[in-house]
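In the form predicted alone, a lone chain appears below as structure tokens.
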């Protein structure tokens, strides 16, 4: 009313303007020096207007930030299968990819020629990839994830921007470092930190071991037939023994009670009829 809104807006602008130069004076006209303050200034407690001095300063990306995909492999110090691929070359990621930028070559056993659940080759064209994350979302083995590396500029896009399996493969520890909360949630859903197939095999092995232990456990000693028959004889006698006959006095008392109830019922019926 009467321009009060315009004045309030100008007041907010002037306040931010003053806070901007107040911070400049406080930091000595060099916001790149105090690195510990940069995290505060890009948070909710930031005051004033400032420009991120990239590449000296870089805005921290959130945990669920997604850029180019990468393949998860076991760490080099894995006790059973160091560096083994989590990918089983099922092809689901290439089917759900909207721009169709994923190519997979399934691996084969050199001895038998039969396919094996590991990719022999894996290619992603980063120029075509739209960073949607469908491949990571639909992967049933948590084998493909979205990276945080967005500094990928180069001078040769015809070859460098087509990532092969060697460049796409990154250890599981790297994924835990860039997305610790998400990795923990996925591990809870899988039932462990290992690959889904490894967890299933461990559960089968534990069930088989428990079954073998139960089978190998000593059974209770068998009781001889003669002793069992002798022990069971008193019980059988107790069960089959006839109940003692009711005394004559009890029978007479019950008969008298029944007669008394009948006479009372007849009396009530007769009274109603009158």
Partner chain sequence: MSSKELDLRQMHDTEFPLPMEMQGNVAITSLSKIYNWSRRSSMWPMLFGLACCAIEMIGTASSRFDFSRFGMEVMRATPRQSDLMIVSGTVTKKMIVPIVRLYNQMPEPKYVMAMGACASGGGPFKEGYNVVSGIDKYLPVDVYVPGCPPTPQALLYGLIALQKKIDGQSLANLDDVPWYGVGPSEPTPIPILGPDIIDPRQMDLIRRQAELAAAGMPVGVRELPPVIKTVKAIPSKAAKAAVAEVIDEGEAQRREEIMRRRQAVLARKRARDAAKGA
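Residue numbers count along the first chain shown, from 1. Remember, predicted model here, so these are calculated numbers, not experimental data.
Absent from the display: the form predicted together with its partner chain. The rest refers to it.
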Checklist entry - Any chance residue 73 has a heavy atom within 4.5 Å of its partner chain in the predicted bound form? => result yes
Checklist entry - Can you check whether residue 190 is within 4.5 Å of its partner chain in the predicted bound form, heavy atom basis? => result no
Next on the checklist: So, residue 199 and its partner chain: in the predicted bound form, are they within 4.5 Å at any heavy atom pair?
Outcome noted: no
Checklist entry - Does its partner chain get within 4.5 angstroms of any non-hydrogen atom of residue 206 in the predicted bound form? => result no
Next on the checklist: Could you pull out the residues of 83 to 118 that have any heavy atom within 4.5 Å of its partner chain in the predicted bound form?
Outcome noted: 83, 84, 99
